[in-house]
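Take a look at this single chain in structure tokens; it is the form predicted on its own.
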């Protein structure tokens, strides 16, 4: 029997992920805090839930991808939350990037209500969500993952079991640390090239063929040169993820000096009103310091 899927959170990532589930043949019930996201999916064949609890009651697996830890707590444990729609066999898959510690706390509460939980944050951005090629990092019981694997497989290409509850979130924070610091290196290289009188396009072409290449160099650097700061992943979301990484690092006494630096730079961009731009806008913090514009 095909699992009935509930989907909560229809933002820049959630909408294309939900569409891919419908394309794979899953029956979908959706809920979102704002109406336009719901209307769009209902027009495409999804059913509308009246609340997270209602979505849970009508589903075998309910997926959430919302903003941050407090948002997950609200839709899962708050009034009319998922926990109120608990029933035998219900599984909750949270795909938000959030605190590993909060994840474990929510999983414990859900377990007491008979609900299995997986933390399954994703990497790949809006394009990966649209193409169904996300990398999915999963924490929780392996048996629950195997049950939900066909569902996750409709949204992602790489599904890795990282360990017990919270492990998926921890590995996602590792991903965000690596992504942000690589982004900083790419932006520094662009600014250095421009300051040195080198055509940034020439630098990108040369470096992309060698050991200095990266997804950021190949995909974000050309957009910077074209002054295209439309988001595939927003500055505000990256700043939030790095804050979570620093908090988790402090808990386990892991030094994260580079993460601290780049998080401050993203915070400065948010202060300047650039939180809705793509993460390639990190270059703007360096451009201000260098008093130049890469183009």
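Keep in mind that what you see is a predicted model, and the values were worked out from it rather than measured. Positions refer to the first chain, counted from 1.
Here the subject shifts to the form predicted together with another copy of the chain, a form of this protein not shown in this document.
**Q** Please pick out the stretch from 142 to 150, 69 to 77, 204 to 212, 85 to 93 that is in contact with another copy of the chain in the predicted complex, where contact means heavy atoms within 4.5 Å.
**A** Among the listed stretches, the partner-contacting one is 204 to 212.
**Q** Is residue 184 close enough to touch another copy of the chain in the predicted complex, meaning at least one heavy atom pair within 4.5 Å?
**A** Yes, contact at 4.5 Å.
**Q** Since only the chain is shown here, I'm wondering whether residue 263 would be in contact with another copy of the chain in the predicted complex (any heavy atom pair within 4.5 Å).
**A** Residue 263 lies outside the contact set for another copy of the chain.
**Q** Can you check whether residue 245 is within 4.5 Å of another copy of the chain in the predicted complex, heavy atom basis?
**A** Taking the distances in the predicted complex, the answer for residue 245 is yes, it comes within 4.5 Å of another copy of the chain.
**Q** Is there a heavy atom of residue 256 no more than 4.5 Å from a heavy atom of another copy of the chain in the predicted complex?
**A** Taking the distances in the predicted complex, the answer for residue 256 is yes, it comes within 4.5 Å of another copy of the chain.
**Q** Among 110, 225, 154, 193, which has any heavy atom within 4.5 Å of another copy of the chain in the predicted complex?
**A** Exactly one residue meets the criterion: 193.
**Q** Check each residue of 170 to 192 against another copy of the chain in the predicted complex and list those with a heavy atom within 4.5 Å, in sequence order.
**A** Those in contact are 170, 171, 173, 174, 175, 177, 178, 179, 181, 182, 184, 185, 188, 189, 191, 192.
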